[in-house]
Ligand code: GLC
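Just the one chain here, laid out as structure tokens, in the form predicted alone.
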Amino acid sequence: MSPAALWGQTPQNRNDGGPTTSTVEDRNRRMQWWHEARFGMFIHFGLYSVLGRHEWAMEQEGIPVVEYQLLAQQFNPKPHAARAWAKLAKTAGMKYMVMTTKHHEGFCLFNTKLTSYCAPKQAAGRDLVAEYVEAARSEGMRFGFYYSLMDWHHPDGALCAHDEAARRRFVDYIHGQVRELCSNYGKVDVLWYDVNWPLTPEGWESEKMNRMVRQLQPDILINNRSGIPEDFTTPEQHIQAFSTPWESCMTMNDSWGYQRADDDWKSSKTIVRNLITCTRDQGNYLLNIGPKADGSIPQPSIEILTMVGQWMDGHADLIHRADPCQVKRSEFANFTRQRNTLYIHAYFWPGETLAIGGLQQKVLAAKMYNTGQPVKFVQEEFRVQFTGLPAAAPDPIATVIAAECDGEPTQDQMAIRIHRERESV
């Protein structure tokens, strides 16, 4: 994964248009499961996990290739560590997983014929991607492969920008590894490119590469980071809705790879809040874990995702089967919708009365989502108040009230402002 700004390439200014190699209808068919899934697990795992400092340590600390590559002689995760990842993803209510097969450091976790700098030919002696695939399938998870185009280890990784012979060698290497990933593991659901520095899409021959991918994996979903739009856009470390399919990828603390000193963990409340925001705006939430060098999951990740899973146990239908929701404005709640029912997810519980401003439809009935207990309400021209609520939050992560309306719920707070201006005249 890249920092928020990589040589001027922020997530906001990457290509975010429609598909280029398939029709909209075909893309909608292929993406149906992905839209319903909403919630996935990202896994950053590599030699940087041995260092435990940062996944960009090689670059940021100026570690020479000959020194850094010695880590491959230490990197030997316990067998089938990925089974715990998949079990945790399922516990958390996630529906798919994406793992780094090669990060910017250039070390491959898969069996490749194109380099000896890979897990099966180093200390691990095993195809770690094959173990990941087996683990995902055993838990009924869809799975994808992250693959970094940028490569700090390959001798042509930077030289290719101004040397045509180097570009030819490096592009052939990259295309060859992408072919291996799409040929050797059965059906693959997602190909998640990262960092197309230092070449243009033309230099990478991205259209040619992705045509090859789709020939090998007709139903695969491809992100936009090979420099062309493809199937979905990937805002990073923030939530930003797009008119085309999008997936916000975020870390649980501040690091993608295992960082032993990074204790800035997001709470389960924050993670659920982010998931609801993505769901409301019809995007996906890809949440990262960074396993330790032995493949074990840091304990805070386990504890936080287990709490997220407990909330999801009672609310998964509101995530996986949500319709687009236009209601957004509140400082203590977020919203999802199914047809004419508005679900108010109160993460900061206001007490015995909860009010929503600007709701344009008439509320017909309201209830506590988890218990079905009716909720009293009073509806005025510019406000709905739900009354007689418990003084303390029934759910510490997010308590949900279901409000059935006489049409698709919409919100217009500008009408409130106009009304106030008229009253003041």
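Counting begins at 1, following the sequence as shown. A quick note: this is a predicted structure, and the numbers were derived from the prediction, not measured.
As for the form predicted together with alpha-D-glucopyranose (GLC), it is not shown, yet the points below apply to it.
- Query: Which one of these stretches, 97 to 105, 76 to 84, 292 to 300, 125 to 133, sits within 4.5 Å of alpha-D-glucopyranose (GLC) in the predicted bound form when only heavy atoms are counted?
  - Reply: In the other structure, the partner sits against 97 to 105.
- Looking at Ala355, Val195, Ala166, Ala241, which has any heavy atom no more than 4.5 Å from alpha-D-glucopyranose (GLC) in the predicted bound form? Answer to the contact question: Val195.
- Name the single residue among Phe386, Tyr369, Tyr68, Phe42 that comes within 4.5 Å of alpha-D-glucopyranose (GLC) in the predicted bound form, judging by heavy atoms. That would be Phe42.
- Flag Phe377 as yes or no: does it have a non-hydrogen atom within 4.5 angstroms of any non-hydrogen atom of alpha-D-glucopyranose (GLC) in the predicted bound form? It does not: once alpha-D-glucopyranose (GLC) is placed as it appears in the predicted bound form, Phe377 has no heavy atom within 4.5 Å of it.
- Message: Can you work out whether Arg225 and alpha-D-glucopyranose (GLC) are in contact in the predicted bound form, taking contact to mean some heavy atom pair no more than 4.5 Å apart?
- Response: Yes, Arg225 is a contact residue.
- Message: Although the partner isn't part of this model, could you tell me whether Cys249 comes within 4.5 Å of alpha-D-glucopyranose (GLC) in the predicted bound form, counting any heavy atom of the residue?
- Response: Output for Cys249 is yes: heavy atoms within 4.5 Å of alpha-D-glucopyranose (GLC).
- Message: Quick check on Trp56: any heavy atom within 4.5 Å of alpha-D-glucopyranose (GLC) in the predicted bound form?
- Response: Contact with alpha-D-glucopyranose (GLC), yes.
- Note that alpha-D-glucopyranose (GLC) is not shown here; using its position in the predicted bound form, name the residues of 228 to 262 with a heavy atom within 4.5 Å of it, in sequence order. Heavy-atom contacts to alpha-D-glucopyranose (GLC) in the predicted bound form: Glu236, Cys249, Trp256.
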